[in-house]
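Given as C-alpha cells, the chain that follows is alone and in the form predicted on its own.
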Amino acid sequence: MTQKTKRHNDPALAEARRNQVLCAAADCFRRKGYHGAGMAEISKTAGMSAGHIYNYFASKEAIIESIVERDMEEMFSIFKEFADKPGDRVTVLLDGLDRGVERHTDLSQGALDLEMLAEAARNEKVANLLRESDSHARDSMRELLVGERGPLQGTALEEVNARIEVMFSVMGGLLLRKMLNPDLDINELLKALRPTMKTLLLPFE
C-alpha cells in the first residue's frame, strides 16, 4: 500500500481535511457570500486544490449541508449539557443564558447564519436543512421543559410550543439588534432578559 493510499484511508486525516474545508468555506461565505465564494476561493483559503476538496465534498451545496450538520451537532451537545446538569432545570437554563447571548451576538458567526438564511430563500434544499435543524432544536427544548425535571410538565403542548417560539424569536433577534446597534450593552441586556426568560420557563399562575 502506498503512502498516498494510507493517507486517503486514514479516517482521522480525512476528518481533519473535511474540517479544514468547512472552516475555510465558512470564512469565505462570511466574507463574500455564498454566491461570491466559488470553489477556487474556498480551495485557496483551505490551502488545497479544488480537486482535493472534491474528494470530500461533491459540491458547494454539500459543504453547506455539512456546515449545517456541524452546527446541529454543536446544538445537540449544548442541549445535552443542560439535560445532564443536576439541580433545578430553570436555574440551569438561566445560567446558560450568558453563553446563548454571546453566541447570538457574535457578528462573525452571525454573518454566516444570515448568509445561510439568504440562501435558504433561494434554495429549497438549504431551506429544508435549516428547517430540520430548527425542528430538532424545538424538540430538544420541549424535552427540557416537559420531560423529566421539566418545569412545564402538565402544561398544554400548544402553550409550550408557543413559549418555545417566543424564546427562539428573542434569541434569534439578538443578532439583528447587535448589527443595528453595535454599542448594545450585553450586561444590561442580560439583566432584562433573565426575568423575561424565567417567566417563559415557569407555569403561569
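Between two forms, the rigid core is defined as the largest C-alpha subset superposing within 1.5 Å. A residue's number is simply how far along the shown sequence it sits, counting from 1. All values reported here derive from a predicted model rather than from experimental measurement.
What follows is about the form predicted in complex with another copy of the chain, which we do not show.
A.B. asks: Establish, in the model of the complex, whether 15, 24 and 55 all lie within 4.5 Å of another copy of the chain, using non-hydrogen atoms for the distance.
C.D. replies: No: no residue has a heavy atom within 4.5 Å of the partner.
A.B. asks: Looking at 82-90, 95-103, 121-129, 68-76, which one sits within 4.5 Å of another copy of the chain in the model of the complex if you count heavy atoms only?
C.D. replies: Looking at the other structure, the answer is 121-129.
A.B. asks: Quick check on this chain: which one of 147, 38, 33, 47 has a heavy atom within 4.5 Å of another copy of the chain in the model of the complex?
C.D. replies: Checking each option against another copy of the chain in the model of the complex, the one that comes within 4.5 Å is 33.
A.B. asks: Within 4.5 Å, heavy atoms only: does residue 60 come near another copy of the chain in the model of the complex?
C.D. replies: Close contact is absent here: in the model of the complex, residue 60 is far from another copy of the chain, nothing within 4.5 Å, heavy atoms only.
A.B. asks: Applying a 4.5 Å heavy atom distance criterion, does residue 42 contact another copy of the chain in the model of the complex?
C.D. replies: No, no contact at 4.5 Å.
A.B. asks: Looking at the partner-bound form in the model of the complex, is residue 153 within 4.5 Å of another copy of the chain by any heavy atom?
C.D. replies: Residue 153: no, not in contact with another copy of the chain in the model of the complex.
A.B. asks: Hey, in the model of the complex, does residue 165 get a heavy atom within 4.5 angstroms of another copy of the chain?
C.D. replies: Yes.
A.B. asks: Quick one: which residues from 133-148 get a non-hydrogen atom within 4.5 Å of another copy of the chain in the model of the complex?
C.D. replies: 134, 138 sit within 4.5 Å of the partner.
A.B. asks: Quick one: core overlaid, is residue 137 moving 2 Å or more at the Cα between this form and the one not shown?
C.D. replies: After core superposition, the C-alpha of residue 137 moves less than 2 Å between this form and the one not shown.
A.B. asks: Please state whether residue 40 has a C-alpha shift of 2 Å or more between this form and the one not shown, with the rigid core used for the fit.
C.D. replies: Residue 40 C-alpha, core-superposed: shift of 2 Å or more.
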